[in-house]
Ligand code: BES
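Take a look at this one chain, the form predicted on its own, written out in structure tokens.
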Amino acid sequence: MNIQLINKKAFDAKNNITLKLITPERLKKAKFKKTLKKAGFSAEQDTLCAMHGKSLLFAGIEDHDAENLKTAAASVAKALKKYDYKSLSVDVNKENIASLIEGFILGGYEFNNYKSKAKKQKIKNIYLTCENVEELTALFEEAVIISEATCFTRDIVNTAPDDMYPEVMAKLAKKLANENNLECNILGKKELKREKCNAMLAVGRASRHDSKLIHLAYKPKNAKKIISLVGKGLTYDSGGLSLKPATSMVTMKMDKAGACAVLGIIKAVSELKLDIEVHAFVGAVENMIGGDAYKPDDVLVSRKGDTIEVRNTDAEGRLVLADVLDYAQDKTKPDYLFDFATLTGACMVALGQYTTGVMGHSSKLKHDLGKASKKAGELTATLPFNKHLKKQLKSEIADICNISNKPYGGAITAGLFLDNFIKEENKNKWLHFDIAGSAYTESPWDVNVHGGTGAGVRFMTQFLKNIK
């Protein structure tokens, strides 16, 4: 759908339905309250009632809170697919415009690339009407950029593994660099060997697709901060020789969601023209089985030089991130270092499927990200490090083991494994985001539809655009 901001006085569209947002309290004084009551409409949150004779659509909201506006708009976007109008219009102001845009774009998102006959939507335009277009233009453009970057991320996550493998992800990154004036450097097998990224190479060596380390950079003049973003890009994860159960392999195209989020974030930052320097590092790898697969009991030498005992080849994302994090820290001197990864099922056990787990050492940084995520409408929660869990990564034959020797606290021990590869000077600048639960859904919730959610893009962009 095409969203336009238009002056209310100039608006004149035929075959248009007008959206009215209405609270239960406001319903008591509404012009059509008797008709709405007969239709069984009580203005509960996210409920809808269409009066087609008047070309009106009523959407219930508990109050005008940003999250309630978003989910109401998402409900409207889904309902519009059944209607025979050409457009929808709604009055907006500076308090509600961003929430409504996010709701319409994210709630109306569809991924139809593999549908032989995708159903066409008749409503083509959403008109946001207001008294003063100039006053709302900046808010309008920002909300559209962030929403579309989230959908860009969703598209990559949703792409089938046979169509989105490391080489394709590298080509996509180059295309993004060309379109958004970014610097781009791709490391292939030879370069990765030269960089001694042995842990990352081990994970991908049984695949017919070569692994790629992707580095994109956005460098505006007079940047006030340097941010490094690192994304886990397992374009498919079979579990390796520690093979996943068949049911767990379905949806493993989403194991690249951390990398997709990083690409979405740098896309949003560059289009918003933020005055910060951002580097996006992606470890694009496919974890498969075969005669050349790495094995449990192997000992890998990481780029950092630490040896890693492999006890489970399905704990592969942390091996990739170990090398990419080390590479990223050598290539940049960041003020902040963030990694995004669908790292552990244990995070879903701890926090549920809707919430991103946040780990790190700086209480202030975790607090600031929590505020940003709340404002952006994404759910995050911190998981605490402690020295007792760190001991569970001890290896008798190497410097560290890739899994814990106990079955508990798996999300935290995975984060502590990554912490081993964070340089001392960056400890308080770094946060790890485990998006294993929040990055993908098969049941629609909030503004999310089936498939990738684009987790991380909105809250990180919110944090970055307000950085000081």
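Residue indices: 1-based, along the sequence shown. From a predicted model like this one, the values you see are computed outputs, not experimental measurements.
Note that the form predicted together with the ligand isn't included here; everything after this is about it.
Asker: The ligand isn't shown here, but in the predicted complex which of D326, D314, E102, E309 has a heavy atom within 4.5 Å of it?
Answerer: Looking at the other structure, the residue within range turns out to be D314.
Asker: Which of T380, N96, S87, T344 has a heavy atom within 4.5 Å of the ligand in the predicted complex?
Answerer: Checked against the cut-off, the match is T344.
Asker: So which of 119 to 127, 104 to 112, 144 to 152, 232 to 240 is the stretch with heavy atoms within 4.5 Å of the ligand in the predicted complex?
Answerer: Partner-contacting stretch among the options: 232 to 240.
Asker: With the partner left out here, check for me: in the predicted complex, does some heavy atom of R318 sit within 4.5 Å of the ligand?
Answerer: Yes - in the predicted complex, heavy atoms of R318 and the ligand come within 4.5 Å of each other.
Asker: Is the gap between D339 and the ligand in the predicted complex 4.5 Å or less for some heavy atom pair?
Answerer: D339: no, not in contact with the ligand in the predicted complex.
Asker: Does any part of I403 reach within 4.5 Å of the ligand in the predicted complex? Heavy atoms only, please.
Answerer: I403: yes, in contact with the ligand in the predicted complex.
Asker: Going by a heavy atom distance of 4.5 Å, is M254 a contact of the ligand in the predicted complex?
Answerer: Judged by the heavy-atom cut-off of 4.5 Å, M254 is in contact with the ligand in the predicted complex.
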